[in-house]
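Only one chain comes next, encoded as structure tokens, the form predicted alone.
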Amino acid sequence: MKSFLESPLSGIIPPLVTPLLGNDTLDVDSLENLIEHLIAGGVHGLFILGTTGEEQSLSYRLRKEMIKETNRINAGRLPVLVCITDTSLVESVNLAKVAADYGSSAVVSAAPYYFATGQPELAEFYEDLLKELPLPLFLYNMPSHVKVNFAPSTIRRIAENEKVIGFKDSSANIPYFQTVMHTMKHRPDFSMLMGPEEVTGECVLLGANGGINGGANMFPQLYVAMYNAAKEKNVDEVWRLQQIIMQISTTIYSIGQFGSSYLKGLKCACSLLGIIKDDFVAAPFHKFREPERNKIKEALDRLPIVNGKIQLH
């Protein structure tokens, strides 16, 4: 059964890590533990196969298994959003059909990467894609990975189709995000979601609907509390919780020398916290070795954690 999808979708929708036991082996038991952990933490939806979920490193077979098992475990309790980003329109549609077949609520798509499209070409790609999608669509701005930035006017053009119901921005560019919100103010049903957790509280205070925050894999209660405080315009509480979020960001995500540090750190922390069994990272990456793993453990030890949960008071 498809989960109810509120309009606009609001709150904390974690981008799930994909628990792996090998390059093409999904750890279903860990996935179940992760989903139950997130639901118990009060999150408002589940987003699978995004950047944090390593979609582009996974086989189509495994992506389909991830969709099937997530929906089975979730059992209609929360909206499930499935990322279908691909260089091929046909493969995006194929994945969207699998998402619909197993009861997902919506799909999410970043711009096709490799060929850098112009804005008119980008709009045409989505106009073609929308004709074949069985589910509502969230646009996903990830310029660091796909080389293309959605112009606000392009978002407005694509969203003339009412099947386009929201926008996730991972650029961390707040003036840009505010411009998109202003451009889309004629669509009160259009969900505006921030990716980077470091600026989600600020953006919710300024009118965003929520965040797709990777740290919620570890500590869902923290990010839900931050969202609730921002929604209530409790600036002092947002500031207080922001200090914990920044401590996470500047330690767990910053160990290692490369762009993969966030993903490796997050998965390593999730394994140390017992949320997932193994922090295996799909090729081309490898999980942290013992020296980095010890640094993640030290970073976790400095956080106010009791029985695996952040103490919020």
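What you see is a predicted model; the values in this text were computed from it and never measured. The numbering used is simple: start at 1 and walk along the sequence shown.
Not pictured, yet referred to below: the form predicted in complex with a further copy of the same chain.
Taking the partner from elsewhere, no residue among L26, N33 and N149 has a non-hydrogen atom within 4.5 angstroms of a further copy of the same chain in the model of the complex.
The shortest heavy atom separation between N173 and a further copy of the same chain in the model of the complex is within 4.5 Å. Though the partner is left out of this view, A116 does reach within 4.5 Å of a further copy of the same chain in the model of the complex, counting heavy atoms only. Not displayed here, a further copy of the same chain is approached by Y140 to within 4.5 Å at the level of heavy atoms in the model of the complex. For the chain shown alone, I275 is not a contact residue for a further copy of the same chain in the model of the complex, no non-hydrogen atom being within 4.5 angstroms.
Only one segment in the set 158-166, 203-211, 100-108, 69-77 has residues whose heavy atoms sit within 4.5 Å of a further copy of the same chain in the model of the complex; it is 203-211.
Applying a 4.5 Å heavy atom cutoff to a further copy of the same chain in the model of the complex picks out K233, V235, D236, V238, W239, Q242, Q243, M246, Q247, T250 from 218-254, in order along the sequence.
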